[in-house]
Every structure is written in C-alpha cells, then in structure tokens.
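Taking the form predicted on its own, here's one chain by itself in structure tokens.
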Amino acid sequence: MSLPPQTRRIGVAYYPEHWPESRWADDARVLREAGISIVRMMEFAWDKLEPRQGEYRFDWMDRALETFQAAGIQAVLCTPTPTPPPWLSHQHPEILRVNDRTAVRDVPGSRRHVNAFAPAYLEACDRIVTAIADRWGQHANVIGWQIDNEFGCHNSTRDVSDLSRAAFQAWLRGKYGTLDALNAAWGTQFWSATYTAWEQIPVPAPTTADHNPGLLLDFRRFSSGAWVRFQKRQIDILRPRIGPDRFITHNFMIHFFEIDYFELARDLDVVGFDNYPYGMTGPLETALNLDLMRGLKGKPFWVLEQQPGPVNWAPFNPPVAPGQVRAWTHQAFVHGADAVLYFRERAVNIGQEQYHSGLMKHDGALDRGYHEAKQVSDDLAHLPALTRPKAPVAIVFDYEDLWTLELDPHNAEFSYYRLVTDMYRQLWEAHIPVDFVPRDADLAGYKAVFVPSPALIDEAHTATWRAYVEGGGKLVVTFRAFFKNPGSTWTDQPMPAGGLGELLGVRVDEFFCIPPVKWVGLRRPDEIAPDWDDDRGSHVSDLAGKTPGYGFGEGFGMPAKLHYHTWAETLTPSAAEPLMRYVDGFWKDAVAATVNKVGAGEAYYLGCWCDKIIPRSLWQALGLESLAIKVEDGPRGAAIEIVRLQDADGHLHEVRINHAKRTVTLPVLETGK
C-alpha cells in the first residue's frame, strides 16, 4: 500500500451527527477557507449508522461525504467500534469490561467499556465494519481509514472477566505448551502456587497481596496482544474492500504504555497520534512523544487529533497562549508528521466534552485556533517540501522492559519512562536529533545508541548490539540490565546476564535503591575523593553545585558536581576501564561506570542514575559535542527548539520554534561540526 504524496496538510475531526445537516456546507466552506483539506469522521457514530441490529442507515453519511467532496476536502473514515450502541450492550451485557483494578463490571453509557473477547461484540464489530467498508471502501473522496479510537484509553486495556480468563488460559497453553514449562518460567513454587491444571490459573484481579510477577507480565503481554489482534481483525475486513491506494491507521495516545505500540503499529500503513501537549510537561515531552511515534514504523506519521485550544479532561484546564497552537502544529511537522488534524471543528454543546475547545466556538464564531490553523496553512504554502533525515543518535525503547520495571520497581520513584525522558532531555536541549528504535532494530549508521534499563534477558539482542559495537558503534547501557528471565524470574548468572556482561566487560556486584532524600556524589577515576562525612555527603541540598572540577560547561546546564539518585550499582570491571567512581557511602571508591573497547567501537555501562544521565566524560567520548547546535548568546530560560530538515536536493534547512511565553530574538546560530 502506498500513501498518497503529502506536502504537509492540515485537517480536522468533524462530527456531522452532532450538527443539523443544514450547516454542513457552511462548515465545509469555512474550514476550506482556513486551508483545511482533510476531515476525519464517523468514529463514534455506530448508533446512527446502525440504530437497531441489522438496520443500517448510511444515507446521512453519503450526504456528508458529498458535501465535503464538493468543498475540496478529502475524508478519513473511522470504524465506530469504541462505542457500541445501547441495544448491543442491553442484549449482550457480557460484552462489558470487568475492571482489573476493582473487579467490577463496567456499565454502558461511556466509551471503551468493552472487552475484546466477547463473541457478541466481535461479531457485531465484524458486521458494522464489513457494511461500512462495502459502502465507502472505494469512495473517490475517502483517502484512508482509522481503526476504532484510542485503544486502552481510560485504563481500559485489561479485562478480568471470565471470558478474558478463559482466553488467557488458552493463550498461556499456546505459549508454554505444558504446565511444567509455565511453572518453571514463573517460579510458581513460591507461595505454594504450582498449577496442575490450566483452569486453575487466575487473571490478576485484586487479591490480598501481590500476584506472581510472571503472571502479571504475561497478562500485560496477553492484554496488549488482544487489542493488536482486535485491530488486525478489522484490517483483514477493510484491506480487500478499500484497495491498495487507501491507508489504514489508528490514533495512538500521549505517554501511553499499556499496549506495545511497536506491535500495534506493525499491521498499519501509517501511525496516527493524538497530540495534546497540555497533557504533557512541556515542549520537550511533546517532542519525545512525536519522535516515538515516528520511530514506531521508522517513517512519517499523522497527527489525527491536535489540541486546538483548552481541553476538558485535565484536573485543571489552563488557557492556551496566543500563537501556541501554531507552534504545536509546526513542532509536529518538524518531528515527522505528514498531516495534522485538529480536534475538533467546533466546540460541542452536547455530551461529555462540552468544555473542549474547537477551531470554532459553541456559537459557530471563529476561535483563536481557527485563525492559527489558517496561519499554519499560509506558512506551509511558502515552505518547500521538507523531510526529517535519520538522526545520529538512537534510544532503544521497549515496552516489556517498561512493564517489568513498573510491575516490580523496588523503588517507588523508579520510572522507565522518566529515565528515557532524562536521556532525551539532554539531547533535546542540545538540539541533537533522536530516533526511537525497538530492541531488535538495525543500528547501522547511528553514532551513538542508548539502551535504558534493558531488564529482560535476550541473547539475540546482545548479538545485535555486539555487531553494532564491533562495527564502530558506541553503545550506552544503563543500570538494571539483563537481570530478569522472560518469565520475570531473576537470573542465576552474574549480572548483566545473557552475554551482555561480556560485551560491556563488567559485572554488577551490588545494587542499591536510593531513597529520595539520599543523593551522593560521583567522581572521575583520576579525581581525589573529598573527605566528607556520610551524613553531609547524602543530602543534595549540601552538595549540589558546591564542588568544582566536574562542570559540564558549554551552556548545557550540567551542575558543577555530579550527583545521582534513585538507583545505584557497584561494578567490577572484567575487561572494561572505570569511567566514574563513588565518592562516599559505604561503597566509596567503587566503580560506578565503565567503558569497554570491542572491535572498532565502545560499550559503556552506567551503574547509577545521574542527575544528568549523560555525564560530561561520556558526552565527550560519544562525540555529542560535535552534533550539538549552540546558541551561545541566546536568551536565558527560553524554550527554543531547533530542528534541521532536508529538501529534495539534500540541502538542510533549519527550523526554529519558540516555545517560550514571550518574543525571542535569536542570534546567528553556530552549527556544531
């Protein structure tokens, strides 16, 4: 399937079922005047498409498509399966999800209140998807299809109904083959939980203490895979009916980790993303999520919902500054979006989202988002077609590692996502592009690759990483590496296991969970450890920025003295050389980080979570200084993002986005060589 050629287009989510038909043509005209060329429709319209089982009413959507086609606006249609109509839930209450946090069955009247194993729900989905695909699969104005809407939204990924339990038991039988294999993989002898029949295996509903970590991890895999299979079921219906020239997508969410997005993206033609920056901490986290979406298939993506102003779903819903929607849109484009569709066309006056803004206000007047969308359209008309080149740096992102560490963190503040964000932050602040890649990715061409806390042992991945290093690559692996078997049991081999310790040339002696009030210092191997007492050396308030000699310099915000938090390991090098040592605590002078030369490259191991996860010595050794873009005289505190894009002739164009709440004038930029 080939996507239609894109020149960075803007669009909008439109809900014809929410408005009198008499206003559709006016809406289409007004949207087209803003440069809108795509509408996304039909994702929550099952009750209007099929008001009673087997009774289809499609004429209204025929007219909606005709209206937008006449206005020169193309359509993306959605399968309406996230919101089964009341008649279906009433006839088949077994389709309703049983919440894994409460073990209470959901009631209808919301969305995503279903489980993926109820035959009545699956058969009803098959019927409606087949009917709409037969009707509009070859429609001349329909350029693509969206499957469902935001799988897993509202914590709906996992279901613990009897239907799910039976499906989970069957899934486990297919995976392990025998109960002996399952019992060994999970270590069920602990707490007398050896299973002697498949029917004995529970789902992780609430219980008195913790469930077995192997059961929990496999249930994450199973639940994620359920929605991957649900999506594939609809793709198999759509594909032969829509032909090779229309794409299939799904709208992924911000910082969402309950479904393996690499797996969910595999069967899609293009990844879609719902970009709500006010659900994130700032432009850095927005950039991270945009880069992750591009990395899921290693190619451009679509933003299927772009925040157009204030939203309705946060505890507090602050105003959006003038110019912010325009900046968000351009940020999405420079990170690899081919199209950005605003959500939504007009603030709605019914239902659960009445406070969510649109490009137009409740009364139909043009809102600020409309004017900024039009400005973006004008901006794009004067820009050449630009693409984002392959980044020089990659970060490996793995959902199973994330699940493993989330399920058994040992430190309540340990977060895989926060660790990834810390890595990304230093690179983003230096304007160094980043690609996110899966564990098994081909790493050729990257100057440096970071592997954050790869908890689960996989010797095949060790082989991939070794080949990269031997070929001249620079690999950085952090603490909590290769210590768990796939069933979430602890290895009985020295850590890191699975051949990774040999690649890194190091062995982990001890690990430490660092409470939040305890920060201790690090030094380079050639520094003399200061004579601090343990009590003073454990508080960041006493140490931060007071000791000279380890400054980062160059305007990238490194503190004068490096400290660490959350997690620490003491290391014994086998072939590696020490890179850093601890300066206090009862592990004073122990090795904290190492480097091992392998073939033409280098493999680094960071044994502790530094306040700047890429310390100065490592930054320099990786050659990151030469990749950075420096703004020597830029204004302090301004959130300036600089991205280089490539035109058709291979020339680089520098795009600068001001995320600050004030006007900023930048000097001529010095490019790192």
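Small disclaimer: the values here were computed from a predicted structure and weren't measured. Heads up: residue numbers just count along the shown sequence, starting at 1.
Heads up, the form predicted together with a small molecule isn't pictured, but that's what we're talking about next.
Spell it out for me: taking the small molecule in the predicted bound form, does every residue among 459, 461 and 596 have a heavy atom no farther than 4.5 Å from it? Not one of the three qualifies.
Listed residue that, although the small molecule is not shown, lies within 4.5 Å of it in the predicted bound form (heavy atoms), from 356, 113, 466, 447: Spelling it out, the residue with a heavy atom inside the cut-off is 356.
Quick check on this chain: which one of 289, 251, 485, 404 has a heavy atom within 4.5 Å of the small molecule in the predicted bound form? When the small molecule is considered in the predicted bound form, the option within 4.5 Å is 251.
Heavy atom of residue 313 within 4.5 Å of the small molecule in the predicted bound form: Answer yes; at least one heavy atom of residue 313 falls within 4.5 Å of the small molecule in the predicted bound form.
Heavy atom to heavy atom, is residue 305 within 4.5 Å of the small molecule in the predicted bound form? Contact check for residue 305: yes, within 4.5 Å of the small molecule in the predicted bound form.
Is residue 81 close enough to touch the small molecule in the predicted bound form, meaning at least one heavy atom pair within 4.5 Å? No, no contact at 4.5 Å.
Is the gap between residue 44 and the small molecule in the predicted bound form 4.5 Å or less for some heavy atom pair? Yes, residue 44 is a contact residue.
For the interface check, one of 420-428, 202-210, 145-153, 265-273 should have non-hydrogen atoms within 4.5 Å of the small molecule in the predicted bound form; which one? One stretch meets the cut-off, namely 145-153.
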